[in-house]
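First, one chain by itself: the form predicted alone, in structure tokens.
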Amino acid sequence: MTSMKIDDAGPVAIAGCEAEGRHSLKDVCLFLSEYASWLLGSGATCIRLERNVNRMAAAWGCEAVMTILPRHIHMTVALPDRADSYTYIIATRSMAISFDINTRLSQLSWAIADGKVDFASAKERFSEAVGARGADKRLVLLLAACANAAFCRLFNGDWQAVAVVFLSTMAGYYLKQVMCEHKADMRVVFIVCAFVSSVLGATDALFHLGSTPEIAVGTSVLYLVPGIPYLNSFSDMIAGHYICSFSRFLHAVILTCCLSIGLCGGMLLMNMGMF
């Protein structure tokens, strides 16, 4: 992280904090920068990030201007009369997509805008939001396996294929959780998990368990499809954030290619025809 001070930002009155004194533009800028870093890292779109940050800045009597880049956020907070300003550049958080953190941070922005939370309480609630324990990993694993098995059935897979996809997804998703905990490169994670799931999915054909082995193999890796990056890329493009849009789209394409490499490797190993 790098910080650059434009002017000696003097104290600025923060709405709702009169009893606790006055806070400087630096305090506000650092808080909003950290907030933006976490919100973008958790999977929010650029338009949501802008609205949430501007909502809080307005509630505190400031104006915020951001330059959102794929790996950094350039935040400037200024008084309405431009008498003082403060600029900070922060790296975007590198983390797994989290709808829970996304929702908590959005709720915090509305609470600040409605005057229900002062500046000191906002910092406390922010720490609670980003430090909150996520969903139980075993439950997520089970639900992911059930969802992928449902996809198999949706594509007319027989019940034997559904069972195989359920088990192959359980194995692949568990491996993904373990590798992510060890901070493995996401591209490697996608290749390895797709390979493992496709190999296990091919057991339907290997042991002649059902009549739809190709559906079992094809749907065994659907849990890895990067749908959220694709959707966020489209949303950013509509909102005019072309740099972030292209970056997210390219990242999603790379992950899709890694998924395909793992899938093709598993099919070749199991001697299953791809065409």
Partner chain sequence: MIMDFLQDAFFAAIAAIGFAAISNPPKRAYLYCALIAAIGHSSRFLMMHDSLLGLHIVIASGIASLIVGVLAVLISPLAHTPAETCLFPSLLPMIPGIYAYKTFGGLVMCLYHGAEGEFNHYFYLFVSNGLTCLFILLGMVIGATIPIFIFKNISFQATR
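Note that the structure is a prediction, hence the values are computed from the model and not measured. Residue numbers count along the first chain shown, from 1.
The form predicted together with the partner chain is left out here; the points below concern that form.
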query: The partner chain contact in the predicted bound form: residue 25, any heavy atom under 4.5 Å; finding: no
query: Residue 88: touches the partner chain in the predicted bound form, heavy atom cutoff 4.5 angstroms; finding: no
query: Residue 223: touches the partner chain in the predicted bound form, heavy atom cutoff 4.5 angstroms; finding: yes
query: Contact label in the predicted bound form: residue 218 to the partner chain, heavy atom within 4.5 Å; finding: yes
query: In the predicted bound form, the one of 206, 58, 228, 243 near the partner chain [non-hydrogen atom within 4.5 angstroms]; finding: 228
query: Contacting member of 117, 130, 171, 144, with respect to the partner chain in the predicted bound form [4.5 Å, heavy atom]; finding: 144
query: Partner contacts in the predicted bound form for 93-107 (non-hydrogen atom within 4.5 angstroms of the partner chain); finding: 97, 98, 99, 100, 102, 103, 106, 107
